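Just the one chain here, the form predicted on its own, laid out as structure tokens.
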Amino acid sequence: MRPLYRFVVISISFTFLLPAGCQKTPPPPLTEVAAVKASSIPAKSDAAAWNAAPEFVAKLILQDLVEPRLMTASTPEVRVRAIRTDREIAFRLEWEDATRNDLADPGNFCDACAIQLPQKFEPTVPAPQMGEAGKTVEITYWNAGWQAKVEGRGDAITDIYPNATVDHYPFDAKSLEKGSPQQQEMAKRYAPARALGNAMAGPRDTPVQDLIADGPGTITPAAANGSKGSGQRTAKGWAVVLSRRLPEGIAAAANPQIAFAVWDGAKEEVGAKKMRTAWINFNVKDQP
């Protein structure tokens, strides 16, 4: 019986030692956003090409420096991957969000995200909170409400408020041929912002807008809107692709920086009320 007892003890000891010897050490977390070079930019967030780009987990912090401040934390992090070509760079931003908020009205706000880069890459970076005087930042902004419009949702009263009943609008009169110059001119009278060319009034052909800023409260549309983007609802939240031209001088910059922001419409986050990052190291060198 004693040999059998020793055999059992040795076997049990070996069983417990084996998993510990085979256990792999997890890789250390990334300390920078690293852009992988590719021949083309994937347009969709579920494209297989994104798997080749390392994922950086950007921790988000409160925007509690300027009014209106966000004083209660919401989205904890955004996961970022980056792919670039010789002329263009794209980012995939993913974050968890339990509710889909893509319809804005006086009491509701939309989910959104943005990337921020210095306009000029200098030894001293601008303030991370929207830049500062003389140190402009460039922002590429995506909005879930704009995404819904691009995907075909209308912006008439009955689109925004499905249960509303409208007796009659003059521009819908049967005497006016739908789409005719007379009908379109009449419709403008009931959409003054659109008639004046306000880009925020729609209609939209892209869910993305390029912006510039020289500090809090100075944000304005960029002279040209060349960035592209697309957002997709996932099982846990959002996955958004934002692509823009490769910033001039970034490849030669000593220490490029980038920042991100996320808005949760369900938490009434809009404008300056957002979760954001500080500046993060950004590597655009060719990755091995």
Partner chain sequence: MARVYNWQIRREMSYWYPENRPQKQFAAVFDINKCIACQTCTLACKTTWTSGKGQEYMLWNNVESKPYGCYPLAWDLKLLKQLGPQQWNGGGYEGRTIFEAAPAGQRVLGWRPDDHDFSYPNVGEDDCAGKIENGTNLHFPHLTWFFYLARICNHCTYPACLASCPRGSIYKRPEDGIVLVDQGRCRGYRECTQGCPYKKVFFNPLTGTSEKCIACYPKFENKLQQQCFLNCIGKIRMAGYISQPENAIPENPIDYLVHVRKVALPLFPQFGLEPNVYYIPPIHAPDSFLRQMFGPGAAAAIETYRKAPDDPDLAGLLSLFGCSEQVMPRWKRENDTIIGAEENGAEIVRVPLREPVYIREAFDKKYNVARVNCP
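If you superpose the two forms and keep the largest set of C-alpha atoms that fall within 1.5 Å, you have the rigid core. Positions refer to the first chain, counted from 1. Just so we're clear, the structure is a prediction, and the values are computed from it rather than from any experiment.
Separately, the form predicted together with the partner chain exists; it is not shown, and the next lines address it.
K.L.:
Heavy atoms within 4.5 Å of the partner chain in the predicted complex: which of the stretches 92-100, 75-83, 113-121, 214-222 has them?
P.N.:
Heavy-atom contact with the partner occurs in 214-222.
K.L.:
Please run the contact check for G179 against the partner chain in the predicted complex: heavy atoms, 4.5 angstroms, yes or no?
P.N.:
Outside the cut-off, so no.
K.L.:
Within 4.5 Å, heavy atoms only: does R194 come near the partner chain in the predicted complex?
P.N.:
Yes - in the predicted complex, heavy atoms of R194 and the partner chain come within 4.5 Å of each other.
K.L.:
Considering only heavy atoms, tell me if G226 and the partner chain come within 4.5 Å of each other in the predicted complex.
P.N.:
G226 lies outside the contact set for the partner chain.
K.L.:
Does any heavy atom of T136 come within 4.5 Å of a heavy atom of the partner chain in the predicted complex?
P.N.:
Flag for T136 set to no.
K.L.:
Looking at D105, D205, E151, E185, which has any heavy atom no more than 4.5 Å from the partner chain in the predicted complex?
P.N.:
Here the answer is residue option D105.
K.L.:
Mind checking whether each of R233, A239 and W279 has a heavy atom within 4.5 Å of the partner chain in the predicted complex?
P.N.:
Per the other structure, none of R233, A239 and W279 touch the partner chain.
K.L.:
Only counting heavy atoms and a 4.5 Å limit, does any residue of 142-156 reach the partner chain in the predicted complex, and if so which ones?
P.N.:
W146, K149, D155, A156, in sequence order.
K.L.:
Can we say the CA of D172 moves by at least 2 Å between the shown form and the other one when the core is superposed?
P.N.:
Moves: yes, 2 Å or greater.
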